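Given as structure tokens, the chain that follows is alone and in the form predicted on its own.
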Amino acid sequence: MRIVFATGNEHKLREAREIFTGVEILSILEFDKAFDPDEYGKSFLENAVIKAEAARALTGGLPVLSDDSGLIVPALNGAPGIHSARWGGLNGDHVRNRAKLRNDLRGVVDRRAHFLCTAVLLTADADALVATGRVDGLLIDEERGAGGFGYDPMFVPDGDPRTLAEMTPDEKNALSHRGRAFRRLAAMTARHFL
């Protein structure tokens, strides 16, 4: 089975390939090198569907995987939320995003936060499979670890003293929001297609 993942993010692509075993995961960039739909949705689900529908139009009927994920900080009224990837002003500029987050948290005592992921698989016949994943933790000011991406160097998940960036890819996938959503979606996909 082949599934097209509506992302150009190599980190997400690698995570999906590690979790969706027995499935060939293709990048949307194999179909359109400039794929970058406008994410105008007001929720993670809306944005995931927008990306999946845009990708499905390019794939010749192959099933399409998409996700939208973000960091939610209650002390910042839920920000950065659906704007996590462009919080610092430029889409995908992880250094600027983390710098803005540190600045916004200056003087904030409550550092609780969680990552949320909504993953969608659109089938050729327009069925939609949806799964979510969440991981709770605390934000720290210093950045630790060389793995992961995004806010991972600042996020310490509940029950572990390490940041997500200090974990191996397998350790991170076992507890991350995206790993949880993708595992649920992979199980649903297996039941639906296999």
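All of these numbers come straight from a predicted model, not from anything done at the bench. The numbering used is simple: start at 1 and walk along the sequence shown.
Keep in mind that the form predicted in complex with another copy of the chain is not shown, yet the notes after this line are about it.
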Next item on the list: Spot the stretch among 20-28, 169-177, 7-15, 182-190 with residues whose non-hydrogen atoms come within 4.5 Å of another copy of the chain in the model of the complex.
Entry: 182-190
Next item on the list: May I ask you to choose, among 165, 156, 135, 131, the residue with a heavy atom within 4.5 Å of another copy of the chain in the model of the complex?
Entry: 131
Notebook entry, point to check: If you check 143, 46, 32, 36 against another copy of the chain in the model of the complex, which one has a heavy atom within 4.5 Å?
Noted result: 46
Notebook entry, point to check: in the model of the complex, does residue 50 have a heavy atom within 4.5 Å of another copy of the chain?
Noted result: yes
Next item on the list: Mark residue 122 yes when one of its heavy atoms lies within 4.5 Å of a heavy atom of another copy of the chain in the model of the complex, and no otherwise.
Entry: yes
